[in-house]
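One chain is shown next in structure tokens, namely the form predicted on its own.
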Amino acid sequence: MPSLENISAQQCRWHAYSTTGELEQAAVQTILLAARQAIDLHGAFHIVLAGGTTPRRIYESLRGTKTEWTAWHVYFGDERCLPPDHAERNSRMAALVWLDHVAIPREQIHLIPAQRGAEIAANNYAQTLAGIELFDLVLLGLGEDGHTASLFPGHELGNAPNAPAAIAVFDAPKPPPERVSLSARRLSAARQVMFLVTGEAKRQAVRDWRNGVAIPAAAIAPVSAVDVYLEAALLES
């Protein structure tokens, strides 16, 4: 069962937008600003990508922007245990709409080797992350059931102080059942965390979140508050 140790520590800043387009435009500008600040600070930008449908147009927009791509280091918050070229892999979506079209060195795009199976891939990815103390920016989504990355209700969230950086997920309530996810503890080790929330189906999850229900998304608790970018309609009762 999941540990609830860090859930109460989360603080949120809610950013409401009238349209999905306005949200996406604001998210792109926030990502580019975070990149510029990180590169100015320590010469590199370490970003964790969200999967799913919500960030796709944001990634497409980033493809046409100007930034110091060679300083970007890309990681993934979770991955499905499918072949590397499978259309439902988060890394495949990001590659098709964005990463294959910009000048980020291939060795700086750190894929989760989920095709090896959840346990092996989780151990391998934990080693990949071992030298990164803090991510500069973590992008996350929100599922209808309150899940984020592949951290699902009723499953281990990995938010204890000694939780591994990446965890194997079995019997996920959404296909495929076998996945790899960064733990809540590791996703929280970031200078900035941004949730991207769109779609009427997310209304109840947002309501639960704002009312203090211990949904998995509430387990992401960086030292600074998380920023939740969402459609204003989702705040209506």
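Predicted model only: the values in this text are computed from it and were never measured. We number the residues from 1 along the sequence you see.
In what follows, reference is made to the form predicted in complex with 6-phosphogluconic acid (6PG), a form of this protein that is not presented.
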One stretch from 137-145, 121-129, 156-164, 103-111 that, in the predicted complex, holds residues within 4.5 Å of 6-phosphogluconic acid (6PG) by heavy atom: 137-145
Close approach of Ser188 to 6-phosphogluconic acid (6PG) in the predicted complex, 4.5 Å, heavy atom: no
Pro177, heavy atom within 4.5 angstroms of 6-phosphogluconic acid (6PG) in the predicted complex: no
Touches 6-phosphogluconic acid (6PG) in the predicted complex: His46 (any heavy atom, 4.5 Å): no
Non-hydrogen atom contact Thr70 with 6-phosphogluconic acid (6PG) in the predicted complex at 4.5 angstroms: no
Sequence-ordered list of residues in 67-100 near 6-phosphogluconic acid (6PG) in the predicted complex, where near means a heavy atom within 4.5 Å: Asp78, Arg80, Asn90
